[in-house]
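Just the one chain here, the form predicted on its own, laid out as structure tokens.
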């Protein structure tokens, strides 16, 4: 009797070729078409804003995707590639861009190129031309584009937009020195303008060039009914790279080191451009008087906050877990559920509730009213009490987590160990210290490290409870006694408004990343040594 050792034929995937109904191959083509369309859209958008790195990267990802999913060989790549793309886009690119920003002066007044800075300065310093006439203004609209129409001194109707200078409007009708109709344009009446705040802002900000020559100025309006010619008080000399104030004669020269136009007396124009500054942002936090003092105070408080939060919540959670591990205690399930409730509430909502309860006014703050006999205790405005309040509220929010962790870890310990310790005559404290605690630390130390890293960047509790306050009085920077490094970065970034320094904020983000990474690596190494000992 012969045996056939020929392997059975391998059936080809439905996504490899058009077979039968071809649904598998069709779905693959549709998905890849979407991926290619998205990649081309990103590349086209990058082309429009001249972001060549994004353009090359998006096209490369699309080409690699087509090669991987339309070839037969790289089977593993079909599963790995999506994860690699997400890793590159959301991790590697983000980190690389943060490093890039940290080496620039990117921030308020330095958020564009030199060419854009020149345009912004010329616009900001526009003034009405002395002796220029005022013209009755007609606001017109063509699609989504808004423009101006006026009748010049020669009686000719002119129309223009921000992109198109004023030009004769053939076929336009006028009445009493005002344009009443323009072909291919809709006239916006005054009632429509007054009823639309967004349109009002657009009209007031609109600049319609007088001609192709920028030195001729532009038409602008202050109230939407009349227009006059404005010209900039600054003159830009591209060859000399200087800005001259025509009213004072001051000459501002381009300084590539600071990315500003600076005069000989040290004064500078308000708008600058992005330039590389090397490691200046990293040293700024340690040397700048506005940041050096607060930086070290905030760093020390950040470490103390993270360590005390983890230590207190772990010890309290462990103590409650040990208490409810006693089988003689009745109602353990109900009590465990009640102790978990703080963990079930959203942290930002709990912080806002505690902020109200810690109000210093006893009429509004329930803590002062019920527990301190109506005394006025400044929980959120005194530096030390505010820190104590943050630690207390964060303890209330986090101890249920370690209560759950320790409960699960203790239930997983072998019962034979406790029985052997009891036979050997070990006391409950001896059993806990020599057996339970070391075994618990092996399983919970990674979670303690993760909790430390989380609280090191615990933005929500600080921002929602105290907002980082009370403020430091020895600096002009918007920083306070309860700020931690992550909220310091938030304040410096200017997200809430005011002056922004994205370069310094990015440099501090890198420092925080390195600190958390170093602490985590050290802690994990100690954990491995503990495992080897046990």
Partner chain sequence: MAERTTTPVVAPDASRAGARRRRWWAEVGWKYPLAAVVVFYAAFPLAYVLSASLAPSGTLTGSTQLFREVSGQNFAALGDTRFWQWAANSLVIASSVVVGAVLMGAAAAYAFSRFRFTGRRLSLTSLLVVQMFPQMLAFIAIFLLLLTLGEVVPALGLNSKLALICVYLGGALGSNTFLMYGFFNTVPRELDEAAKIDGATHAQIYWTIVLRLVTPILATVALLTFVATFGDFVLARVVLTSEQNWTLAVGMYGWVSDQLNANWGLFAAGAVVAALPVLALFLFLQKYIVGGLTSGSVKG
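Since we're looking at a predicted model, the values are computed, not measured. Take the two forms, superpose them, and find the largest set of C-alpha atoms that agree within 1.5 Å; that set is the rigid core. Numbering follows the first chain given and starts at 1.
The form predicted together with the partner chain exists for this protein as well; it is not shown, and the discussion that follows is about that form.
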Test of understanding: in the model of the complex, would residue 286 fall inside 4.5 Å of the partner chain by heavy atoms?
no
Within a 4.5 Å heavy atom cut-off, is residue 316 in contact with the partner chain in the model of the complex?
yes
Taking heavy atoms only, is residue 296 within 4.5 angstroms of the partner chain in the model of the complex?
no
Contact test in the model of the complex: residue 362 vs the partner chain, heavy atoms, 4.5 Å
yes
Using a 4.5 Å heavy atom cut-off, which stretch among 155-163, 101-109, 250-258, 180-188 contacts the partner chain in the model of the complex?
101-109
Answer option from 151, 277, 357, 385, heavy atom within 4.5 Å of the partner chain in the model of the complex:
357
Checking 213, 326, 416, 170 against the partner chain in the model of the complex, the residue with a non-hydrogen atom inside 4.5 angstroms turns out to be 326
Do any residues of 183-203 have a non-hydrogen atom within 4.5 angstroms of the partner chain in the model of the complex? If so, which ones, in sequence order?
none
After the core is matched up, is the C-alpha of residue 80 off by 2 Å or more between the shown form and the other one?
yes
Establish whether a shift of 2 Å or more occurs at the C-alpha of residue 509 between the shown form and the other one, with the two forms superposed on the rigid core.
no
Shift of residue 54 between the shown form and the other one at or above 2 Å (CA, core fit)
yes
